[in-house]
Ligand code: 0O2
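Just the one chain here, the form predicted alone, laid out as structure tokens.
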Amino acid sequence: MNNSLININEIKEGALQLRKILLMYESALKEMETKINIISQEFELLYKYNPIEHIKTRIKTPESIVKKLRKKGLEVTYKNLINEINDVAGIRIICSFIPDIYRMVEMFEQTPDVKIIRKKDYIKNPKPSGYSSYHLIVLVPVSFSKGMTNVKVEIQIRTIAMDFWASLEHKIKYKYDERLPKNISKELIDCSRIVNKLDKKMSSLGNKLIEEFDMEQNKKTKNKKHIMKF
């Protein structure tokens, strides 16, 4: 009977500890979401242009965390969860064009209270599967009643086309339980090349539109100055 009570208490303690940890990651995501929304609004105000189409956030489920720890050959402990899993909290930024992705990276590099601890450019160096995206692992300071805690958040930055490809690849992999037939794998790689070409063409078009917009703005500014002289 006593053993049963001890086990129940241990389960309750474990559940509480897990909720505390997940709250920590949820809070870090909210902090990052606020920062990104401010950047988005600032761009709209200053440049009449927004590089961000939309953002998505997610917290890994306890089942996914356990699966990842076991895949890494690690014991399932809270310490390993915090120290060894970098993507418990994830935020995905979907941009209009490829240059926007690198603008976002530069902004995070210049944000004083966000520390970048890892960068992976899968755009210049796509994965063998054809996957393209820019990944950052950052430390985000979060205030709690007992003080400040730095929490890891994974940021994925990609274009609409890259996100479209990655979403479909994920669904296909899930259907085949991660074991893709060679012909399907080859077709996915071919599709990723098509997506890459499309992205480059759209980025080129986007740059032209931005340049034309800047020229129009400069003309308006000069005309205003000219009118003021009279």
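Quick note: we count residues from 1 along the sequence shown, nothing fancier. Every value quoted in this text rests on a predicted model; they were computed, and no experiment measured them.
Note that the form predicted in complex with the named molecule isn't included here; everything after this is about it.
Exercise. May I ask you to state whether Ser64 is within 4.5 Å of the named molecule in the model of the complex, using heavy atom distances?
Key: Answer yes; at least one heavy atom of Ser64 falls within 4.5 Å of the named molecule in the model of the complex.
Quiz item: Is there a non-hydrogen atom of Ala166 within 4.5 angstroms of a non-hydrogen atom of the named molecule in the model of the complex?
Solution: Answer yes; at least one heavy atom of Ala166 falls within 4.5 Å of the named molecule in the model of the complex.
Quiz item: Would Lys146 count as a contact of the named molecule in the model of the complex, using a 4.5 angstroms cut-off between non-hydrogen atoms?
Solution: Lys146: no, not in contact with the named molecule in the model of the complex.
Quiz item: Would Lys182 show up as a contact with the named molecule in the model of the complex if we use heavy atoms at 4.5 Å?
Solution: No, Lys182 stays farther than 4.5 Å from the named molecule in the model of the complex.
Quiz item: Looking at 49 to 57, 190 to 198, 35 to 43, 66 to 74, which lies within 4.5 angstroms of the named molecule in the model of the complex, counting heavy atoms?
Solution: Correct option: 66 to 74.
Quiz prompt | Contacts with the named molecule in the model of the complex, stretch 91 to 128 (heavy atom within 4.5 Å) | solution = If the 4.5 Å heavy-atom criterion is applied to the named molecule in the model of the complex, 91 to 128 yields Arg92, Arg118, Lys120, Tyr122, Lys127.
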